[in-house]
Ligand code: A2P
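Just the one chain here, laid out as structure tokens, in the form predicted on its own.
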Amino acid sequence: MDFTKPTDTYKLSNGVEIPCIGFGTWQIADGKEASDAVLHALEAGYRHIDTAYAYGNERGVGDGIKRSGLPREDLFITSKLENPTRGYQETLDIFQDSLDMLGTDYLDLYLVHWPNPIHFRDSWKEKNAESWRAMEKLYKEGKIRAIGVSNFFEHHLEALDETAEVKPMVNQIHISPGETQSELVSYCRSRGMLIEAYSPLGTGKVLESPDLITLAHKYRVSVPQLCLRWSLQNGYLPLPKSKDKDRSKQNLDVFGFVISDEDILTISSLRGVSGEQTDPDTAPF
């Protein structure tokens, strides 16, 4: 993709524009740690912040956003429905909790975090349908600008189709070098869905790959920069995270080089360097 700056956007199926790279906040503790990390990310140039109720840091994320002083309309904020919560009213209630903690009156994107939580393993189809109906209500009321899912496989999306009036616009899945989930990606794209790539650096494991280190030297960039550029050139939306101010800024410096087609394929083929997608039908949460 021919992006030149972090505020360049993908366009979702409903026309909403979403900045092409986001700042992830998974495993960043609530309070000052989250607040500082988000503030530094926004100061570095990010305008897209991704969090979740399950991360337990929405209040800190919201504080960092507030401290930045940036206009709300300049930001794209995502959160997610936690696993223990399903149902129509339950989803409406917990969504409001997220708004209150983030200090905003709307979200740009709201996702179902996992399709088959252990709490609802015998009734996940029905429970997802109830929650999705609540999300559709919020979407139609303008409290969410776009709705989507995370960690959904083909059969989860097909089950949602049985009752959905609004189709998911995003699927956020584990995408990183060697973990491309090509069949799932193709399926989602055939439905007009954008693919967001969480753990685009394989939770840091890619830093130790000799192949990636060699390629990073070739392009005179860091391994994280190489991986994030690979994501963008594949049409994914990466969500890197860092608590370090300088590293957050470096992770945005991925618009001044282009990886060759041959090297894109090499990076894609590096199985085992960054972990794999967790199976949502057997995950113990």
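Start at 1 and count along the sequence shown; that's the residue number. What you see is a predicted model; the values in this text were computed from it and never measured.
Missing here is the form predicted in complex with this ligand; even so, the following discussion is about that form.
Based on heavy atom distances of at most 4.5 Å to this ligand in the predicted bound form, which listed stretch, 243 to 251, 229 to 237, 212 to 220, 57 to 65, is the contact stretch?
Careful reading of the contacts points to 243 to 251.
With this ligand left out of view, choose which of 128, 91, 150, 199 has a non-hydrogen atom within 4.5 angstroms of it in the predicted bound form.
By the 4.5 Å heavy-atom cutoff, the listed residue in contact is 199.
Of 104, 163, 203, 180, which one comes within 4.5 Å of this ligand in the predicted bound form, counting heavy atoms only?
In short, 203.
Quick check on residue 184: any heavy atom within 4.5 Å of this ligand in the predicted bound form?
Although this ligand is absent here, residue 184 would stay clear of it in the predicted bound form, with no heavy atoms inside 4.5 Å.
In the predicted bound form, does residue 207 have a heavy atom within 4.5 Å of this ligand?
Yes, residue 207 is a contact residue.
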